[in-house]
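Single chain ahead, by itself, as structure tokens, in the form predicted on its own.
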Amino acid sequence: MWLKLVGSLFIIIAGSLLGFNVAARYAERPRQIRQLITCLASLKAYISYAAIPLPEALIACTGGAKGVISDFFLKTAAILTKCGWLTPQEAMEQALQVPGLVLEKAEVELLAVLGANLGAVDRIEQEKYLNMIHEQLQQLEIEAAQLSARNSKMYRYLGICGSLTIVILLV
């Protein structure tokens, strides 16, 4: 009897944690996109007006912020500094392996476009690309916030109710 109760409790806890983890990923994505927008706006200023080298601009654009997006830019700068033969696009692709990054395919493609154009064109063209990416990221942030509002609660309930269903079926 006690074994069934303890087992049922573990199933409910595991299912609930799974649901809450998926919901947390949905809630984290809009926040990371906002951080990405902020860092790219700062990067645009460093490239356009300060005209400092790209690795230094990537470090400076984080502004001392903490988090996964900051780690992404710092890792990209470290890769560019360490491996000078890599293009910014290749460095960004390697830096995308940062744990905790919840960006989806659309954001990763925008970062690939950004990386392909950083350092390959003049400052005015880079500024145009950064403006274009900024606008697209704002649209993706709105979509991600809507998706988060819609799905976060659903996955929390699904985790709890799904685990309760499993317990009922097993008992």
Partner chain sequence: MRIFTNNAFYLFGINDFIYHIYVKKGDVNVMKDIYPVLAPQLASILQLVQADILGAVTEIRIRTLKPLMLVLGNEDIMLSAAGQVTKSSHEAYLCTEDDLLKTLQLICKNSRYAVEEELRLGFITIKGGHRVGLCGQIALEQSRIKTFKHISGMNIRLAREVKGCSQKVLSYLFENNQIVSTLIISPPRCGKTTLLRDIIRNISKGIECLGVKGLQVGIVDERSEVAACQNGVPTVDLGPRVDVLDACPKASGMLMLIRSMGPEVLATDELGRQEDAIAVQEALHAGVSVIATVHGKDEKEIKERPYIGDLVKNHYFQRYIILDNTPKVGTVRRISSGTGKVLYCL
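Residue numbers count along the first chain shown, from 1. Since we're looking at a predicted model, the values are computed, not measured.
Note that the form predicted together with its partner chain isn't included here; everything after this is about it.
K.L.:
Can you work out whether residue 36 and its partner chain are in contact in the model of the complex, taking contact to mean some heavy atom pair no more than 4.5 Å apart?
P.N.:
Outside the cut-off, so no.
K.L.:
Wondering, does residue 67 line up within 4.5 Å of its partner chain in the model of the complex on heavy atoms?
P.N.:
Heavy-atom contact with its partner chain at 4.5 Å: absent for residue 67.
K.L.:
Taking its partner chain as it sits in the model of the complex, is residue 118 in contact with it (heavy atom to heavy atom, 4.5 Å or less)?
P.N.:
Residue 118: contacts its partner chain in the model of the complex.
K.L.:
Please run the contact check for residue 32 against its partner chain in the model of the complex: heavy atoms, 4.5 angstroms, yes or no?
P.N.:
No, residue 32 stays farther than 4.5 Å from its partner chain in the model of the complex.
K.L.:
With its partner chain left out of view, choose which of 52, 106, 60, 27 has a non-hydrogen atom within 4.5 angstroms of it in the model of the complex.
P.N.:
Contact with its partner chain in the model of the complex is made by 52 alone.
K.L.:
Out of 64 to 91, which residues reach within 4.5 Å of its partner chain in the model of the complex, heavy atoms considered?
P.N.:
80, 84, 85, 86, 87, 88, in sequence order.
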